[in-house]
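We begin with a single chain expressed as structure tokens, specifically the form predicted on its own.
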């Protein structure tokens, strides 16, 4: 599961960005932030970008008389996998045909393409501002020549019952706990060398979540399974399944370097079915 690299640089992309969108004009100078200075720009959210290996961020303001300011932020995530991952951190909103995936909500549009994650938002919601945000996003997407590959671990998710909007990709325990809290400790040994996919499933009237963790070697996968059983489900049976106090089932299975965990399953049958379906 290798990371992709691409030829276009953030500076090259900067030169191709639109200077105007509708009645809004770019207000120089652009600002560039790195992994340290990003904390001075994004208060409280920079840890998420750092967890996805953010390299740099370009920020540009677009202004117009008597109109709200539009902010364009382009994050160079270093790989298309991490660009996709940080996009999946928040996918609420209207699906928009921009980039490789895009969502629009309350004056904010985000999308990913190649190794870049792009955020465009207007400081005050207006009809003209919404149109300008969407138009600017489309223009920015066209300046990025390459498309990027999604993380390969997504191909291991069973298709039947998959709620595609729920898919999250990550490789940091902080991000996992944001979407599904397991423990204050890193009991699954998640690191920059692991690839993690989390998704919701619905089969008939039953629901569950599936967590996949791909490790750099089988030994680390085995250690992580032992750790998970010890700290999260000490009462598991010999097959690696347990009924929790809330009436939900948890089950775990290992396939070489892949650890598959079913969470919050409405039945033992559903948990078993999902584990058996993992590619």
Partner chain sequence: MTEKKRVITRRDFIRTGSCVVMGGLVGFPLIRKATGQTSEKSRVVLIRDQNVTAGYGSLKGEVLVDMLDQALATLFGTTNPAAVWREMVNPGDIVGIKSNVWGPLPTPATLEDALVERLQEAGVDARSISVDDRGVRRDSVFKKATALINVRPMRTHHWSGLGTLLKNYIMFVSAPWMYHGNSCEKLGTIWQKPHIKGKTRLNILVMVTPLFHGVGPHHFSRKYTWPYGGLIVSTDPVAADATGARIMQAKRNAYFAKNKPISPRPLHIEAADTKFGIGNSHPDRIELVKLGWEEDILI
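Please read these numbers as outputs of a predicted model, since none were measured by experiment. Numbering follows the first chain given and starts at 1.
Note that the form predicted in complex with its partner chain isn't included here; everything after this is about it.
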Q.
So if I measure heavy atom distances to its partner chain in the predicted bound form, which of the stretches 132-140, 156-164, 191-199, 88-96 falls within 4.5 Å?
A. 88-96
Q) Applying a 4.5 Å heavy atom distance criterion, does residue 232 contact its partner chain in the predicted bound form? A) yes
Q. Would residue 101 count as a contact of its partner chain in the predicted bound form, using a 4.5 angstroms cut-off between non-hydrogen atoms?
A. no
Q.
Quick check on residue 27: any heavy atom within 4.5 Å of its partner chain in the predicted bound form?
A. no
Q: Would you please decide whether residue 266 lies within 4.5 angstroms of its partner chain in the predicted bound form, comparing each non-hydrogen atom pair?
A: no
Q: Give a yes or no on whether every one of 8, 11 and 62 sits within 4.5 angstroms of its partner chain in the predicted bound form by heavy atom.
A: no
Q: Check each of 126, 152, 183, 206 and return the one that places a heavy atom within 4.5 angstroms of its partner chain in the predicted bound form.
A: 183
Q: Note that its partner chain is not shown here; using its position in the predicted bound form, name the residues of 45-62 with a heavy atom within 4.5 Å of it, in sequence order.
A: 45, 47, 48, 49, 51
